[in-house]
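Coming up is one lone chain in structure tokens, specifically the form predicted alone.
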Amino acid sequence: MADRQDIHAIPGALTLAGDCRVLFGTCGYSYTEWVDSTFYPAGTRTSEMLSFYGYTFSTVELNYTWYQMARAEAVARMVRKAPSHFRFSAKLTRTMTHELADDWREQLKLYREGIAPLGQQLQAVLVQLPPDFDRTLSNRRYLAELLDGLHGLPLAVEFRHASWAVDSVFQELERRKVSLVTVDEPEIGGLFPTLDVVTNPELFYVRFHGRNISGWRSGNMQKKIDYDYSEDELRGWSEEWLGKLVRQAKSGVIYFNNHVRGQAPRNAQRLKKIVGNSSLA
């Protein structure tokens, strides 16, 4: 792939702690309910959403690539609708993270071909692993082979099982220059904890999932991430965690996954305003 655009040159990024540039965005952008929530103007069609999204944010995490394999022609059409400075993170398809298909190596090849049009606008490939993917020997071997297969792409790994929160894992991610995802999610036993560990000084990567404990346990995806962060919660997170992250990295991305009723873009803008008025800015 071609050299990637320096994040320092991207409009909308905040410079924090002197030299760390941070972008804010959401997980996905194509939600018709965001028209009802007034994030998109009334009457906005799905095909117009990315263009409108780009007026507010300079990065998005593509989550549709988890549900279905990315196709190069569709990705190329999407890239043409975004500003040239815009950055995409792309979630790895579930056949390689949750279903572990027998032909995952072939799936990996198709995925690399599918996201190729992102070119220098690719921020990172997100490898999100499921809650039951614990740190067994076979799972460690699988993850190592998967990361080998993704070599050459900027990578971020999100664990859900707490057994991966050990120094040896962090050291291996650091050796591979892979970003460990910092999560904000409900405090439930067994889940991967919120950490300030930065394994790739080029990029820290944060995902906000909401703190809806009952929804998380419901098994319903909409209820799971139905959460509206308060001003105090976002300010508290910023004060406790963000300073530690920005002092260890040259750049960072922060995505909100609580898309229900337009909460994600509202919370992302709220956090950016809080951080922009803080002592970190």
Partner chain sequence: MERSILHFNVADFAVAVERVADITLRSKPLIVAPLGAARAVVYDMSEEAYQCGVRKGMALNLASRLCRGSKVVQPRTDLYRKAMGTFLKRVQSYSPLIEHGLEDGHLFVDLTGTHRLFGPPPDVGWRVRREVRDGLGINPIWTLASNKLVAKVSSRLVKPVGEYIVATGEEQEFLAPLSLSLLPGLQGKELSRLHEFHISTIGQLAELSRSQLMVPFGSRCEFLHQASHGQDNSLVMGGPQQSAPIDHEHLFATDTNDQQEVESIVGNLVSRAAVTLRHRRQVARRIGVWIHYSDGSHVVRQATLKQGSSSDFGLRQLAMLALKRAWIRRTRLRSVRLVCDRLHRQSPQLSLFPETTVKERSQEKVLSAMDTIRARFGHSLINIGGARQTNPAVERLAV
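Positions refer to the first chain, counted from 1. The model shown is predicted, which means the values in this text are computed figures rather than measured ones.
Only in words, not in the display: the form predicted in complex with the partner chain, which the text now covers.
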Position in contact with the partner chain when the complex is considered in the predicted complex, options T38, S214, S230, S47, heavy atoms within 4.5 Å: S47
Given that the partner chain is left out here, which of R141, R105, K177, R77 has a heavy atom within 4.5 Å of it in the predicted complex? R77
Sort through 216-224, 232-240, 52-60, 245-253 and report the only stretch with a non-hydrogen atom within 4.5 Å of the partner chain in the predicted complex. 216-224
Each of T32, K81 and E99 within 4.5 Å of the partner chain in the predicted complex, by any heavy atom, yes or no? yes
R94 near the partner chain in the predicted complex, any heavy atom under 4.5 Å? yes
Do K272 and the partner chain come within 4.5 Å of each other in the predicted complex, heavy atoms counted? no
Quick one: is H209 in contact with the partner chain in the predicted complex, heavy atoms, 4.5 Å cut-off? no
Heavy atoms within 4.5 Å of the partner chain in the predicted complex: does E73 have any? yes
Which residues, if any, of 245-281 lie within 4.5 Å of the partner chain in the predicted complex when only heavy atoms count? H259
